[in-house]
Structure formats: C-alpha cells, structure tokens
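Have a look below at one chain only, the form predicted on its own, in structure tokens format.
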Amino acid sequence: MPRGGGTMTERVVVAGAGPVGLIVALVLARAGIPVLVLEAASAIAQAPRAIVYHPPTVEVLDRLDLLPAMAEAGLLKHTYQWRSADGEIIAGIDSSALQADDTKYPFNLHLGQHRLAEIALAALLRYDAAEVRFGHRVTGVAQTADAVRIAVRGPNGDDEIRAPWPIGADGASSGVRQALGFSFEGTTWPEWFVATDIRFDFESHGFAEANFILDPVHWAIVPKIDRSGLWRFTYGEPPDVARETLRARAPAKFRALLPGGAVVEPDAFAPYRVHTRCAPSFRANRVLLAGDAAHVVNPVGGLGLTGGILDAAALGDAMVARRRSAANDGALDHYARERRRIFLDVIAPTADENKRRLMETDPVKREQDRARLRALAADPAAARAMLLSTQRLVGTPGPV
C-alpha cells in the first residue's frame, strides 16, 4: 500500500470492467451516485466466455435499458436439446411450455459477454458522474473508520485512492478479495473445458438453439451465439493433456462430434479449467464483492454470469438504499448474506449436477438421466417448472 494521503473521492470505486462491474456501476450512475471503475486490462477482454443469460438476468438488462441493443446483437433462445455423441436426440423442450403470465421474458438471451460489456460500457459513459480507467489494477485495500485506502497500479506507476465504498468485481483472481485476506475454498475440476466459436450449420442437422451432448468422453455444450451463424462449441479434454497441445487436437475432436465428421477453423479458441469456489463473506465492512470475485462455478447451464449480474443488480440497489439512508446499512448485509446463500444453495449444486449429467461415466446413471430427460420433455408441467426454476436465482428482496 503506497504511503501518504492519496486522492480522496466520494465516488464508489468498482474494481473490474467486466459485465458485473459495469452493471453495478450503471445501477449506481443511474441513481445519481458517482462511480469510478478501474480495470487492470487495457480493454474489454475478447476471449470466449459466458454467453447465456436466463430470464431473471434479462429482466435486469431490460430495467437498465440495455436489452434492445443486446437482443439486436445476440439471439433470443427458445429451444433446448439433450443429445448423444452419435447424434440421437434424447429429449427436447422449448419455451412454449411457459404460460402467458409466467414471465415477460419467455426466452434466454445469447450474447458473448464481451459484447454485453461493450454495450454496458457505452451506456455507463453517457453519465457525467461515471469514469472508467483501463490499465489500472487494484493491488491492495486498507480500511479506516470512514473510508478505504485503495492501492492502484496504473500506467504511471503506483497510486492510492481513498473512497467510502469499494466493490471487488475483478474476477476469480480478484485483487480486492486477496487484499481482504479472504479464502476462496472449493473445487478445481480436473478436465479441460475448451471453448471455441465456430461457424457451422448445426440447424440443418436438426440441432436446437442450445444443445447438450451427453457422453463420458465426447461431451459438449453447443449453443447458438447470434444470428450470423456463429456457435459456441465447448468440449472436454482429459486432465493429463498438456495445454500447449490442445489446439493441435481440435480437428480430431471436431471430426468426432460435428455431423458428418466435419472439421472447421475456429474463430476463437480458449482452453481453461473450471472451478466451484466461494468467498467466506461478500462483505468486509466497507468493501463488497460481486460476481467471480465472490464465487465461481462451472459453465454448464449458464449460471455463472447470470448469477453475477443478479449480484450486480442486488448490490447496486443495496448501495442506493444505503446512500439514501445511512441507517439502512442492513441492505448491504442482506445483499452479502442472501447472494452467498443463493450461490451455495442454488447455483453451485445446480451447475455441478448439470456437469455431472453431461459427462457421467456410470452407464446405469446415464440411462437414468436419459429417462428423466425424456419424462421431462413429455410432461409440459414438468418442462414449465424447469424453465421457471431460474427464478430461484433472484432471492428475497432486502431492506429499502
């Protein structure tokens, strides 16, 4: 931590200009609260990551007037399939199972998270009280009674900012969380997830807009990203395969999984390990955590960034309530307690079960999974309940 008084600001300081950081900053700016966003990278990251946003998240985006631009850039998804590696359609459902009064958003939004971040950034910068600084990494935090000293490393060296409320939304390797001394307990899964963006006419081969290929070896997640013909094709590789060899192995994987044994050249290619981890608290007095800085989960089912954006909306609302009434500090406690509960009780177990089913090795359990999926598809009430289950991600409202 640099010595000296540093610069004092009344602005809320947000570490991280990913979707979560930008959404919470936008909630604050729209409420008239000045906000400064600090991002370690020089620009919004373009690597293929999350693309799926469930109805509760879509509602947040609509409330912030972001949905029209995002829907135009992306895709409103209505159909799902579970398939076998040899092309059999095990089961399929679509949003027609929902009833008219179930939700205003009977679809998922598909859009690369970098595009979501770009749209949110443009909206945020329309507010005079909002500022975003790229190339500025938060390296430390130290709290006093009425402010937090934030150590920042930027293009001109080390600096210090003092602010009343910093938010860590700086990803799974969060410098804010580490500066608090918080653990990040959980699991790192051994297999590689390889995310690729490819152009292939899946729909002419009977694929839905989102597909799960269930197989212990050749499992894959295949959602359509937008209307340009771009698809996310995420598949697995064994844990003992060296990272530097994964790109050369891609053609064999495509031959095994794409209809007709096709081989394509990916527009993007990103291997990574996945984790299920959670901080012990999402609040340390004046410092708050959201999104991957607070929790991470495997991507099967698209619950990670969906949960992160719901964090952002809930935290933004809690900070607005706190700013309007200093006596309403319970709103921040409720945010920290409720969003952590939702992660532990809903997001993590659901995502881990999705992952297990995707790559189950036990043939008896695989057949049981298939039977349950077929029963789900055959029962409109069960399909409707499954589609509405994402409402559990919202949680209970806090003090206002």
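Given the structure is predicted, the values throughout are model-derived calculations rather than measurements. When you see a residue number, it is the position in the sequence shown, counting from 1.
Keep in mind that the form predicted in complex with a small molecule is not shown, yet the notes after this line are about it.
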- Among 310, 130, 222, 138, which has any heavy atom within 4.5 Å of the small molecule in the predicted bound form? 138
- Give a yes or no for residue 358: in the predicted bound form, does one of its heavy atoms lie within 4.5 Å of a heavy atom belonging to the small molecule? no
- Verify the contact flag for residue 169: yes if a non-hydrogen atom of it lies within 4.5 Å of a non-hydrogen atom of the small molecule in the predicted bound form, no if not. yes
- Message: When the contact criterion is heavy atoms within 4.5 Å, does residue 58 count as touching the small molecule in the predicted bound form?
- Response: no
- Task: Flag residue 41 as yes or no: does it have a non-hydrogen atom within 4.5 angstroms of any non-hydrogen atom of the small molecule in the predicted bound form?
- Result: yes
- Contact stretch among 31 to 39, 62 to 70, 371 to 379, 328 to 336 - heavy atom within 4.5 Å of the small molecule in the predicted bound form: 31 to 39
